[in-house]
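Next up is one chain by itself, shown in structure tokens, the form predicted alone.
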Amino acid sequence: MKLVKFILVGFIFGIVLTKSEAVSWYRIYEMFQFQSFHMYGIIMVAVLTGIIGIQIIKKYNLKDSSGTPIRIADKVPGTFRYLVGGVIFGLGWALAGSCPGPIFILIGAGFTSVILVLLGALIGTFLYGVIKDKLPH
């Protein structure tokens, strides 16, 4: 039964992203050209929602679906690595025209060329796993 809940939430998330045009290549293009506030607004709402959600989890000591208390570890200080990671992520996002979340939505909507983007994301993740111990963390 838990699996059905997660699938339902995934469908709702996909519908919201599609209806808000967050999966639109044109909206992403406008964002990287600084021609529209649309995507920045969506990102800011997501960040604000995340901040509020984390504070609620911490304040009320909420538990996950298995009953285990949710523990959120403090971030390790390190501005440089976050800047480099953000730039690499942003470049990939700009080149592909899609961030990782909407990849599955776009494939589900019938845009089969996005399968190449998914393969690129998987290869990039694999390569990071291979070299992560050699990177300065």
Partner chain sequence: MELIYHTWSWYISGFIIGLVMLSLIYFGKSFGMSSNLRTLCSIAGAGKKVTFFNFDWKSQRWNLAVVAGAMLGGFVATHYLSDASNVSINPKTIAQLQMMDIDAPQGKLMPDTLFSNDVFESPKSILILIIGGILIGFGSRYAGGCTSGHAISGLSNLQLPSLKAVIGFFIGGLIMAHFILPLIV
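Here the rigid core means the biggest group of C-alpha atoms that line up within 1.5 Å when the two forms are laid on top of each other. In this text, all values refer to a predicted model and were calculated from it rather than measured experimentally. Positions refer to the first chain, counted from 1.
Quick note: we don't show the form predicted in complex with the partner chain, though the next part is all about it.
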Classify Lys59 as contacting or not contacting the partner chain in the model of the complex by the rule of any non-hydrogen atom within 4.5 angstroms, answering yes or no. no
Enumerate the residues of 1 to 40 that have a non-hydrogen atom within 4.5 Å of the partner chain in the model of the complex, in sequence order, or give none. Leu3, Lys5, Phe6, Ile7, Val9, Gly10, Phe11, Ile12, Phe13, Gly14, Ile15, Val16, Leu17, Thr18, Lys19, Ser20, Glu21, Val23, Ser24, Trp25, Tyr26, Arg27, Tyr29, Glu30, Met31, Phe32, Gln33, Phe34, Gln35, Phe37, His38, Tyr40
When the two forms are laid on each other by their rigid core, does Pro77 show a Cα shift of 2 Å or more between the shown form and the other one? yes
Would Thr112 count as moving between the shown form and the other one, using a Cα shift of 2 angstroms or more after superposing the core as the test? no
Can you confirm the direction of the Cα distance change for Val9 and Lys75 in the model of the complex, closer or farther than in this form, given it is 3 Å or more? closer
